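Single chain ahead, by itself, as structure tokens, in the form predicted on its own.
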């Protein structure tokens, strides 16, 4: 029977990162992936002939610079470029707001709506910078306690910042600085992206904080395209890992984590193969890891109850399109590539608009008018679509995993039509430009990628499910109640997105256990 120092379950970005760090430290490591391709939710696939789209994750900001540097990812093809403008937010009345990497150009845009908001822009970003500076050291270590948080924010004004972070909404902070609906609407989406929250929900301030942790080219909260799509990240990490000795097996679904004497000893695969290891790292979500791959009777009852209580059902729809021409926006007309096509296209005219969309989902219904975070990577990069054609990626909220009426199989086309009709209110040519379409709701994400509930973060990233409450109350690190079994995916601190911190932090803890000082 094959034996390794460590087995990593899942070839998403966190699993590949953990494996690469272990291999660099001289460990013999195998990564086991259930799909035929690596990447998990960080993949680029040819969904339609000639059209290459990032299936789940779609833009990059949060990937730790430490991971990029320590694994030398540029040498393996990692190439990220911030898009500019960052935001194009068309309005129902034909106006639009854009934000740019250049502060002066952004101020010109702000002045179209409000001098007050233009004057408040820098103070708003300074506020977030203070919060992130206080919290950042905790991101790079084990899950912090509330006492750790209080110490981190022990500075003038720190307790008020911590109160806002833990209990506030994204609307609270936007209302504090801005008056224009258009500005607040465009900035509110980061507080609800991937989460079953509205912008006025307590906890959405933390979600916004999470999405501002990254920097590109020195710009706080900037996002960018990865050349070749998000799958290029997974391929770069895999390249670094393989050069360090990592073995990656695809079509290798783990159905059971084997244990003896209270500790993990290896895994059993769906095809019956068994592989042994001194340590097992699961980067699958907590529910799949503890409630499917293990017999829950091996775990403490309160731990199992915490895992079962974890809020994990997604409300995100991913729509992938192949287009014959670019969207022709009423607010900024033209089907030749322009700034309205090259960055993030935000359909979210106000906080109230997003709040209404969320309230529909709370009632079990798809949003009658959803908000959208849309990207046309082919507008800035060749090779992703046939000549003269374009890709369009839509990240849409909300459509709940559990629909109050019907199910996803019976309503998928209807939900897709609502999304296209909503976008067409801003770009009327879109319906006739669509050559191909795929609509992926939470159950589709669950079935394809293997994430329980289709929640892109492996569980909500609200404060009640973060810190040492993630994935269970009192979590003290990446170790689990089963000896030699570790959790290293988005379901542990510091949470989801293409971040890499869970995988890196977990690998460091595993190494400390395998090679104690």
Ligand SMILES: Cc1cc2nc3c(=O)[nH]c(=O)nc-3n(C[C@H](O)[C@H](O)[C@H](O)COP(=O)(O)OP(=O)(O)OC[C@H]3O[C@@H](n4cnc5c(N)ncnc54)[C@H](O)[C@@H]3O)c2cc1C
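Residue numbers count along the first chain shown, from 1. Here the structure is a predicted model, which means the values were calculated and not measured.
The next section is about a form of this same protein that is not shown, the form predicted together with the ligand.
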>> Taking 4.5 angstroms as the heavy atom distance cut-off, pick the stretch from 237-245, 441-449, 142-150, 358-366 that is near the ligand in the model of the complex.
In response: 441-449
> Is residue 223 close to the ligand in the model of the complex, meaning a heavy atom pair under 4.5 Å apart or at it?
Replying inline: yes
> Heavy atoms within 4.5 Å of the ligand in the model of the complex: does residue 318 have any?
Replying inline: yes
>> Whether residue 188 contacts the ligand in the model of the complex should be assessed with a 4.5 Å heavy atom distance threshold; does it?
In response: no
> So in the model of the complex, does residue 453 come within 4.5 Å of the ligand, heavy atom to heavy atom?
Replying inline: no
> Are all three of 40, 58 and 254 close to the ligand in the model of the complex, meaning a heavy atom of each within 4.5 Å?
Replying inline: yes
>> Please tell me which of 97, 178, 395, 329 lies within 4.5 Å of the ligand in the model of the complex, judged by heavy atoms.
In response: 395
> Given that the ligand is left out here, which of 52, 479, 35, 28 has a heavy atom within 4.5 Å of it in the model of the complex?
Replying inline: 35
>> Going through 480-497, which residues have a heavy atom within 4.5 Å of the ligand in the model of the complex? Please give them in sequence order.
In response: 489, 490, 496, 497
